[in-house]
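Consider the single chain below, provided in structure tokens and representing the form predicted on its own.
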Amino acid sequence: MTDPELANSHRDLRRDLHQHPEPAWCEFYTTSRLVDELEQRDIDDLLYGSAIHAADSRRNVPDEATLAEWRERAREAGAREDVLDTVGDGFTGAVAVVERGDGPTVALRVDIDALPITEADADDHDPAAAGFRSTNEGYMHACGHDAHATIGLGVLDAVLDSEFAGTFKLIFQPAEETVSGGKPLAESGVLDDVDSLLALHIGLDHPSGEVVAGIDEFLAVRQFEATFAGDSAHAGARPEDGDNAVQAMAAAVQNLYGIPRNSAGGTRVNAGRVGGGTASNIVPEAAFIEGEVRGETTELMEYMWERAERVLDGAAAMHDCEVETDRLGDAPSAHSDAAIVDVVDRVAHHTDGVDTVVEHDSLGGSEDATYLMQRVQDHGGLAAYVGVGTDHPGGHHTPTFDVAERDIAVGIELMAGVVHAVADAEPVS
């Protein structure tokens, strides 16, 4: 067994994407770069823009000023004007289709967005040392989506260079980090003919050489913003004339954490960002909470959401304020089908660079690939979520996160082999 090496073209793509991280619904340069790559390949169809999104299901889309800022950044970085026009107001991402005669339809989903984190600039941080650190200061690929996109393109190359029989769909999904991109893509219909869907994540605290054949436990999640409105007043002379929005917000935060647990399984709640008020001598008229609820199942998440809404409404009423609650993004729970997990297990044992195969594991968080998985399963297909280990020096969502590039090559070989195996063809060599 020899150590897999990442092809120069794939390494260049990964490093270019790493240098140009973009947040959810703003992946303009990323989409243009991927379209460039896909148009150079012998694919049968290329979809991007509003064609791959159910527009009414999009949530948490940035305001026009933010979208315009990121479009301009992408333009300055070299994004194509025709692609920018097509993706418009954040209809980012792309779907490539390869049709190779009779056979099943197999899809691979990879995500492409980045995070609002300032990347490390130390000499021992490989992207900084090798000259491909983020050029969008304050944003970075701190969860490996640059590697995911590269693995996806590598799998496409392997499929094109093989005797694959059937249809292969490669899905570059935006807005995973805000759990808002999966639902509109799933509801667009591009998955409705898929027999088997694969999704993947690199790292997940699994070391290089380790593969998780199937993630089976996803926390369902709903993210929200609650905006409280009261009346201002002089805090010294006339405090009784005010209705204190911050007091309502604070009561809501306290009581959100007091929502009773549930015997059916684990639940979570978090008020991740709060604020309000303008000065110490003014009774504040506005305040907000950005938070989330989670559950081991979709039903448990809904249980938490119902009670969270009750807490928010009650806190506002108690202090004579109003509250408006907006759902920002959400994702259901899901499971990986045993039939595909078995295939991943078998292929992984014959993949260069894989030393250990873990059959099942939990994600420990949430992922909106679950919308795509459920869509395929609801239409009679199978789905699985695969973990590809890598020795990352910092944890996910930290300034020092990075991936070992040789593990991108492992991911390409593994997932290409799985695509062939689930299509009942010979594995790609």
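The numbering used is simple: start at 1 and walk along the sequence shown. Note that the structure is a prediction, hence the values are computed from the model and not measured.
The following text describes the form predicted together with another copy of the chain, which does not appear among the structures shown.
> Does every residue of V358, P393 and I408 put a non-hydrogen atom within 4.5 angstroms of another copy of the chain in the model of the complex?
Result no, not one residue of the spot touches another copy of the chain.
> Under a 4.5 angstroms heavy atom criterion, identify the one residue in H319, K169, R133, R71 near another copy of the chain in the model of the complex.
Only one option qualifies, and that one is H319.
> Of the residues A235, L84, L160, A77, which one places a heavy atom within 4.5 Å of another copy of the chain in the model of the complex?
Filtering the options by heavy-atom distance leaves A235.
> Counting any heavy atom within 4.5 Å as contact, can you tell me which stretch out of 122 to 130, 341 to 349, 196 to 204, 262 to 270 lines another copy of the chain in the model of the complex?
So the stretch in question is 262 to 270.
> Is the gap between V311 and another copy of the chain in the model of the complex 4.5 Å or less for some heavy atom pair?
Taking the distances in the model of the complex, the answer for V311 is yes, it comes within 4.5 Å of another copy of the chain.
> Can you tell me whether M249 touches another copy of the chain? I mean in the model of the complex, with a 4.5 angstroms heavy atom cut-off.
M249 belongs to the contact set for another copy of the chain.
> Taking any heavy atom pair closer than or equal to 4.5 Å as contact, tell me whether V283 reaches another copy of the chain in the model of the complex.
Result yes; V283 sits at the interface with another copy of the chain in the model of the complex.
> Check whether E137 has any heavy atom within 4.5 Å of a heavy atom of another copy of the chain in the model of the complex, and answer yes or no.
No, E137 sits far enough from another copy of the chain in the model of the complex that none of its heavy atoms falls within 4.5 Å.
> Does anything in 240 to 258 come within 4.5 Å of another copy of the chain in the model of the complex by heavy atoms, and if so which residues, in order?
Going through 240 to 258 in order - heavy atoms within 4.5 Å of another copy of the chain in the model of the complex - the hits are E240, G242, D243, N244, V246, Q247, M249, A250, A251, V253, Q254, N255, Y257, G258.
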